[in-house]
Structure formats: structure tokens, C-alpha cells
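The chain below stands alone, shown as C-alpha cells; this is the form predicted alone.
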């Protein structure tokens, strides 16, 4: 299918054709599972993992950076850092996402509000900074904290976490072209302005966090978290501040994918974070988890109305293990759930999505945040940093990337890279890369040392 020929057609019409074309021309075998359905996929073994990393003052060059790790077991540099691209300063580096053609990787800074665009197709072994968007707040009309950067056909849609008026949780979605040109801002519905959305419960707080699309349903789903004044606050101080603890989101929003209009506001108390949607045809449901109440939440449509249902506990909710990242397997059989405070990952059998059952648990470190699972279900990558002011202190402040092999019963560690020892910083989010996407031959030179790799 010639996507360019049809780019002017309504997105709801395009969606199933684009997705079908991508899957037909790019067999999906080993890609990370939790990407946009519009993205081209990796065929076979991933070659690299790009790690968006928070700089630490006095460690290496102290800057945020995109770190490239060689993860192909056939490579002589397997399990090693082969490149590091610093971006200048510390921006509270957080999440990143590819454009639909996967040629560029967008990464955001929650504090500086800058968006860094890396070329990952010219030389996939060296993610290269080619553009910085530094007018995100002014262009968007006051949105602060670019979080999820999510691929739509020819577009990137970005969730904000805050605003520049009160630095609270009210925020918006911001849309750009793949080349980095601003298109529009879509504010989250609130009690004062529901924008035509149906309010299904008590809340319409206007908070935002993550986003996912279900093209088959012409739906986007967004979750909620907290604003700048909380996520830039010391974690211990925030927990002891009664007013701060009231400033967390309690909603998820169902949007019309084509028109970008909100349709429903759902009550999901407890700060729902990442959203992961099922992959198999006919499985038109998604999961989220709540940070403060430790619940797995099922999102599904019933009689043309979406609903959110708590379907399982994560650990002991009373202990607030703080669920963070989640990853759904491509066969929709397992949901991996990380909990930051106890440093554990848990696998839940979700073959019955209404009754998830924990079937596995493993200690990853003193703290753990992100998990990226391969499409074939055999590899799970973990990183540890949550937020600069929320990470644990002293010896509990693990900063690493680890790879585990999963055989369906047990996880076996393959390698670990200590980002403190390598003078790289705080390892946050991961994205997969591969030569096969661009028809290139493997040619990798390992960095002589982290300091050399970071010098710009």
C-alpha cells in the first residue's frame, strides 16, 4: 500500500489498512511488544537497545544522553555500551518513542520541556541528535512535561504531565509532524470543560500521562499521573505532604482517534500509569495499573461504552509497592508488572483478562522501573531509574540495564551494565533498534571508554 497516496484520508479509515500493510510487509518476530501499531517492526533479533539516560552531576559529563547497547548475541560487543550521545545539560530525561517509519527516536525532558530527536536509521549503532524542539511550552499553549511520544501515521502525539500556570496536573495532548512541526493541542476534559465527553463518575481532573491507540475501535486511551510540582519534588518529602498526595490523577479518557475529541472520562482512582493494549485480533481491550492503590485495571468496551475495572492486586496494596512500567506479551498471555519500591517484576497470566493470576515473581534490584519484552517472548530488559528526585538514595540507588532470558518458567540473567560504574547516569527508558529495518550491514565499533563515548 502506498501510504503517502492516502495520507490525506481520515485516520479512522486509514488505520486498519496501515496496520495491515505494516504487518504484511514486515513480519513481526522479535520486536518490543508495547509499541504503536502503526510502526514498522523488527524482523528477527534486535541488534541494539537505546537507553534514554538522566545525567548526574559530577558523573562523567553530567548530561542526559541516549546510550546505545549492543544486544545481538552474535556480536563481539554483546552486552556492551557502544555509543553515547549527550544532549547538553540535565532535563529530567524520561520517555522516548519512534516515528512510525522508525527512522527517528523522539525523547523528552520533563523539566526543561525540550524534545530531542535522534536519527537512528543513518547508522543504527549510533543514535545521533539531529534536532531539538525547545519551544514546546509556547507552541502548545502552556503544556509542560512532555512524556509519552507516540507514533501515528506521519505524526507524533505527545502527552503532557503539567501546565505552566500552576504546575499542577491539568494538561493536554500535543501533536507534531514527523519532521517536528507543531500541529495542534488537545486539552484534557475537565469539570469546567468536558468538551462533549461523557463523565462516567466523580472525576474529570484533566490530568495526563500515557497514551495508546486501538485503530480497530477508532479509539485513543490516555491515563493520568501528577504535575510538575510533584514529580520534581523529593519523593520522601512528597509522601509526607498531605496536600501533595491529593494532587494525583484519578481518571482515564477515551478519545476518538480520528477527530482527537474526548468521548468518555472514566474514574480510575490511584494514578493510573502505563497503558498496554492486547495484540491478537478481536482482543480489543487494554490494561493499566494504579501507582497508589496497586491495582491491575482492565479497560474494555461493553455495549458501545468503555469501562474500567480493577481485576487484580499487585503484591500487597497496603504496602504501596508502587507499580511502574508494564509490558504485555504479543500472544496476550502474560502481563509483566514492575514495582519500584520493592525492586520486583511479576508475571500475571491474563489469558482470562477479567481474572489475572500472578504466576511468577523475581527480584531485579533494590529498585526497578522499566521493562521491555521482545515480541517472541524470550527476552526481558530492565532499567531502574524512575525520576531524579524519586530514585532511592546511597547503596539502594541501583542504576543499570539488565537482560534476562525467559523460558516460560524461569528468568536467567544474560548481562548487566552498571550505569554508575560506566559514568553514564541514571538508566531510564529503552527502545529496540536493528540493522534489518534499513537493509544495512552490521558494522559496530565499541566505544573505547564511557568518557570518550560521551565527549561531544
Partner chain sequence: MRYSGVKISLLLSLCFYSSYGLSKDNDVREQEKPRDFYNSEHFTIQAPEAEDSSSASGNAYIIDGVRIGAGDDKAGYETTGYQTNSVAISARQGTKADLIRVIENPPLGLPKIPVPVNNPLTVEKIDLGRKLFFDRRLSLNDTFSCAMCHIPEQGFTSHELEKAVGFEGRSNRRNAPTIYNTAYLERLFHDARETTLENQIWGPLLARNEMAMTSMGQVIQKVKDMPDYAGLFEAAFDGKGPNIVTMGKALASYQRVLVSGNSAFDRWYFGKEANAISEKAIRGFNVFKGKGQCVSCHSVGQKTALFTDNMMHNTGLGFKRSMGKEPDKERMLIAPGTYAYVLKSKKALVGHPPIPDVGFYEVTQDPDDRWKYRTPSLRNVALTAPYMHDGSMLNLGDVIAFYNEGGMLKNESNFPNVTQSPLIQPLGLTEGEIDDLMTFMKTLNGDNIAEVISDAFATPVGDTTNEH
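Numbering follows the first chain given and starts at 1. This one's a predicted model, so the numbers in the text were calculated from it and none came from an experiment.
The next section is about a form of this same protein that is not shown, the form predicted together with its partner chain.
- The shortest heavy atom separation between residue 303 and its partner chain in the predicted bound form is within 4.5 Å.
- Contact between residue 409 and its partner chain in the predicted bound form is not found at the 4.5 Å heavy atom cutoff.
- By the criterion of a heavy atom within 4.5 Å, residue 216 is excluded from the residues contacting its partner chain in the predicted bound form.
- Taking the partner from elsewhere, residue 283 is found to have every heavy atom lying beyond 4.5 Å of its partner chain in the predicted bound form.
- Partner proximity in the predicted bound form, defined as non-hydrogen atoms within 4.5 angstroms of its partner chain, places exactly one of 208 to 216, 370 to 378, 286 to 294, 79 to 87 at the interface: 286 to 294.
- Although its partner chain is omitted here, in the predicted bound form all of 113, 200 and 396 have a heavy atom within 4.5 Å of it.
- Residue in contact with its partner chain in the predicted bound form (any heavy atom within 4.5 Å), chosen from 228, 106, 176, 382: 228.
- Scanning 357, 354, 258, 139 against its partner chain in the predicted bound form with a 4.5 Å heavy atom cut-off leaves one residue, 139.
- Interface residues of 303 to 335, taken as those with a heavy atom within 4.5 Å of its partner chain in the predicted bound form (partner not displayed): 303, 305, 306, 307, 308, 309, 310, 313, 316, 317, 318, 319, 320, in sequence order.
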